[in-house]
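We begin with a single chain expressed as C-alpha cells, specifically the form predicted alone.
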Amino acid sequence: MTITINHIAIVVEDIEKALAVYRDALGLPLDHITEEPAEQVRVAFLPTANSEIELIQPTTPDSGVAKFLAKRGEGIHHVCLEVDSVDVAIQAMQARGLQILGESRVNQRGDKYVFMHPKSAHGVLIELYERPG
C-alpha cells in the first residue's frame, strides 16, 4: 500500500484571520474556500509543492470540530494520509487493533475518507483518504 501525506488540517476560529498568516505572510496560494456540510466546517485549501494545508473553521457550535476547538484551541487538527484504498487500510488498521472512528464517508470532491482515533496513533487524529478513480 502506498501512503503519502495528502494534507495537514489546522483548526482555526476565523479563516480570514488565519489567511493573513498562511496566505499573506507565508505566501501559500489560496486555491479555494468551501463548506463541507457533513463535517460542519468551512475549509480553505492552500496547496504546497507536494501536499496541502487545510484551514478548517467550524460552522456550528456543536460540531466535532467546534468541540475540538473549544477544548484544545487553534492548531493542528489532523494529519491526512492518502492511501490506495480506504477499505483495505481500514481492514489493516482494525486487524492490528487500531480504532477507526465511524464509517468511511465521501466528501463533496468525491474523495473517500475515514478517521483513526487519536488513542490509536499516540494522540494524533489521522485521516485516511482515497481519491476517486
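In this text, residue numbers run from 1 along the sequence as written. Computed from a predicted structure; not experimentally measured.
The next section is about a form of this same protein that is not shown, the form predicted in complex with another copy of the chain.
Peer 1: Please tell me which of L30, L98, L101, A66 lies within 4.5 Å of another copy of the chain in the predicted bound form, judged by heavy atoms.
Peer 2: Looking at the other structure, the residue within range turns out to be L98.
Peer 1: Is Y22 one of the residues lying within 4.5 Å of another copy of the chain in the predicted bound form, judged by heavy atom distances?
Peer 2: Close contact exists here: in the predicted bound form, Y22 approaches another copy of the chain to within 4.5 Å, heavy atoms only.
Peer 1: Even though the partner isn't displayed, in the predicted bound form is G123 close enough to another copy of the chain, meaning a heavy atom within 4.5 Å?
Peer 2: Close contact exists here: in the predicted bound form, G123 approaches another copy of the chain to within 4.5 Å, heavy atoms only.
Peer 1: My question is simply whether N50 lines the interface with another copy of the chain in the predicted bound form - judged by any non-hydrogen atom within 4.5 Å.
Peer 2: Close contact exists here: in the predicted bound form, N50 approaches another copy of the chain to within 4.5 Å, heavy atoms only.
Peer 1: Would V106 count as touching another copy of the chain in the predicted bound form under a 4.5 Å heavy atom rule?
Peer 2: No, V106 stays farther than 4.5 Å from another copy of the chain in the predicted bound form.
Peer 1: Verify the flagged residues A44, V86 and P132 against another copy of the chain in the predicted bound form: is each one within 4.5 Å by a non-hydrogen atom?
Peer 2: Checked in the predicted bound form: no contact with another copy of the chain for any of the three.
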